[in-house]
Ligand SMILES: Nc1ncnc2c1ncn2[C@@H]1O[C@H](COP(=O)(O)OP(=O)(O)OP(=O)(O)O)[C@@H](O)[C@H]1O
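Below you will find one chain, with nothing else, as structure tokens; this is the form predicted alone, and questions on how it binds or moves follow later.
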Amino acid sequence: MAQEKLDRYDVLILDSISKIALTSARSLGRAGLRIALGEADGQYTEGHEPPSWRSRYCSRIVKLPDYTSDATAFADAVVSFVREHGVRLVLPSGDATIAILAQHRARFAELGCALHVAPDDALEIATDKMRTLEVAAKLGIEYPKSVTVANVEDLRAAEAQFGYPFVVKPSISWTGQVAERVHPTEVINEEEAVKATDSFLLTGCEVIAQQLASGDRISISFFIHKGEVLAHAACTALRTTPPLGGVSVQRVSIPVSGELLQASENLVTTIGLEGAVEVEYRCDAKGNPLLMEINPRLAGTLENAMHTGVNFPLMIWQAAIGEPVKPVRSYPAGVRTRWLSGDMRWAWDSIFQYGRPDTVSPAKSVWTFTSEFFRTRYYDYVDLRDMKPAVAEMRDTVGVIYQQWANRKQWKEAGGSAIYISEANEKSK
């Protein structure tokens, strides 16, 4: 009987390589739940396993098939683990795993297991940037000028409408044609725009050219249960890696105007989203927030929300098992959180890509990075009660920095190409 209990897990958290998985495991583990953490082959390399696997709250490591080569085998393995170990909640946080498991939601329901994935109709809209913007237009929510592109003529039409530099992005961040989430790319001339467009077209989805907004990045996370918004937490991302549209490395919690909050709530509820949802904005030169996208999942800014007292993972668990979810109507502003390793990458990218959008001078990069130590109290991965993940993550980062330094010679030989060093850095992450 004791052995049977040890073989049971309350929650299976997927996408263990992400910071979201570690933050969720700590939240739910401290609530007394037994946590299994799973990741697919191909998302990590031997010797560089997910830092979350070293957490004291990880009761079981689950190695899963590579979903980029066999999505069905991946889903079957997750379902089998749920069946064999009595899992009550499966919590994915990656676009790929969400898209794959959504097709198998009935299998989880048959096993009495909640799958934290938005309803199909809502998911289809939220994961498609063009469909999201269509809904936003009907609700009167502003967004950057956007043009669907498929060839050079379309790019020239975009140039005529809002000029270089602008952003090129796929309408869907993950389609199964690439191994990881695809990030937007800023382009400063037609050559770069054609290269980025051709690359994104290979993913099998529409490509969008979009006006570049260079103001504050605003992220509003919500928890929605049965159509009611029970909590929200907002922050501004001061820096990201890559510098444009990447993962936030420095954030500070902020209050949200009643107008923007109401517009965002209307957007997510009109689409029909449930559970954890993030709405992202980027302000224009006048400070007006423009809608960028919706992420129908836990956000990369989760650590910031947790330090403001908004515990989204626990809300997900409570809703999944039918417990009452206590609404959270307020949170403190000014809470700063930092991903140190990511901030180191931001500084590196900013220095070697100086002159491109969203970069600052080398001197300012160094000052910004070093002065942050005097302002930020909370760091991603770092928890004095659970330090092994932080040690593992920093060890991996040292390896990344070494690889980036080795790339410096090739970067010089390439004539200081910003495109080259960006691609080299991405490969080393």
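On a predicted model such as this, the values are computed, not experimentally measured, just so you know. Note that residue numbering follows the sequence shown and begins at 1.
If you look for the form predicted together with the ligand, you will not find it shown, but the lines that follow are about it.
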Residue contact check: E280 to the ligand in the predicted complex, 4.5 Å heavy atom:
yes
Might S221 be said to contact the ligand in the predicted complex, defining contact as any heavy atom within 4.5 Å?
no
Is Q210 close to the ligand in the predicted complex, meaning a heavy atom pair under 4.5 Å apart or at it?
yes
Using a 4.5 Å heavy atom cut-off, state whether P144 contacts the ligand in the predicted complex.
yes
Listed range touching the ligand, judged in the predicted complex by heavy atoms within 4.5 Å, from 254-262, 286-294, 107-115, 315-323
286-294
I need to confirm a contact call. Of K129, H232, R338, R345, which residue comes within 4.5 Å of the ligand in the predicted complex, counting heavy atoms only?
K129
Within 4.5 Å, heavy atoms only, which of L244, L101, L155, V310 is in contact with the ligand in the predicted complex?
L244
Of 322-351, which residues get within 4.5 Å of the ligand in the predicted complex if you count heavy atoms?
none
